[in-house]
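In the form predicted on its own, a lone chain appears below as structure tokens.
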Amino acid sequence: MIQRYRASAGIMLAPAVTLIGIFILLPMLLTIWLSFQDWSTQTPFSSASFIGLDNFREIFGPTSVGRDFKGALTNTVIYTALSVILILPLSVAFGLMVYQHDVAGGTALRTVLFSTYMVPMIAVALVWSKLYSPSEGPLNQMLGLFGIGPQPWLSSPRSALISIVFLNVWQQVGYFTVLAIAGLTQISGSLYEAAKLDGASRFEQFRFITLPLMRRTLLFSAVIAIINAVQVFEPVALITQGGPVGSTNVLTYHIRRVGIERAQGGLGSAMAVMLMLSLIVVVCALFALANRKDVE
């Protein structure tokens, strides 16, 4: 009987496992293999020649290749950190507004927030590029009503990356609000009732009940937000093309430019491997930190 169940489970899992192997695992293994090769994307795989760790030495070296890679890595870290720092608190705040029954318009707010996530990033990038327009953009026009001059949102190295972060937060916060609501629904209402009887304020209820019991939800949200942030590509490709002065040149766009436009497939693969390893390290560190707090 057990063997029959195992066989049926294997048959049902086979299509999904096959697709994962073909479209995820195989490209990952191919990328890792190419990172140790000297290979141009304009030639077949058979022309690749093994060069060991030379690609990794070059991307971390003092040459222009290394400087550009480290600059793109820094931009990606800043972009990811700012996105997570803004998305998580906003999603919890909006989640509380929607979830609490004494707040009017909760259902409408939930619909509006989640609808932003349903809009394709390409459309979001194009719309926000118009919003950021120096002369005709609505944002600068609204600032003008308060006597504030036009801001160089996308044309200044100081503000271009932050402007892309705001775009990402606007598009992503609805999805993470839904996750926050899902976490709130798992908290028993009796805990809040007992806290009210003990004289706890709303802030104290949030600090000592809501946040601790939402730790797993926030951990999951943080991991998803980090994964989404490091994959940013459309806004940079459509709006800034990595500029001005490389201030928005994130790793995904830089890998595409090196690997496809410059046809340096080996270098591009090495950069992709480093991005993957960095992501794995960060996610594992988050889980380790969460498990350590649970033990304490």
Partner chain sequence: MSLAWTSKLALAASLAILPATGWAQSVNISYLTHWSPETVALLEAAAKDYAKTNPDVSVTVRAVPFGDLLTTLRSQGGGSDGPTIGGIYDLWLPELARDKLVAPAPDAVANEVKGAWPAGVTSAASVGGKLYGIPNEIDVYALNYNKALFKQAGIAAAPKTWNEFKEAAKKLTNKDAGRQGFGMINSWAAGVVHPFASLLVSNGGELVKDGKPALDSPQTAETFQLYEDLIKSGASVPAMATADANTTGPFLDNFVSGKTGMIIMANWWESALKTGMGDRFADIATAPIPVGPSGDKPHSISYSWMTVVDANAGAAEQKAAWDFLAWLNNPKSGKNGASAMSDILMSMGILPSRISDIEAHKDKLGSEFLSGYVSVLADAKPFPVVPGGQEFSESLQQTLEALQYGQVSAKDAQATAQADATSILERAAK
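Numbering follows the first chain given and starts at 1. For clarity, every value in this text was computed on a predicted model and none was experimentally measured.
FYI, the form predicted in complex with the partner chain isn't displayed, but the following is about it.
Only one of 45-53, 223-231, 24-32, 237-245 places residue heavy atoms within 4.5 angstroms of the partner chain in the predicted complex, namely 237-245. For the chain shown alone, Pro89 is not a contact residue for the partner chain in the predicted complex, no non-hydrogen atom being within 4.5 angstroms. Interface membership of Ile255, defined by any non-hydrogen atom within 4.5 Å of the partner chain in the predicted complex, is ruled out. Among heavy atoms of Ser155, some come within 4.5 Å of the partner chain in the predicted complex.
When the partner chain is considered in the predicted complex, Ser135 lines it closely, a heavy atom lying within 4.5 Å.
Contacts with the partner chain in the predicted complex, taken as any heavy atom within 4.5 Å, map to no residue of 176-208.
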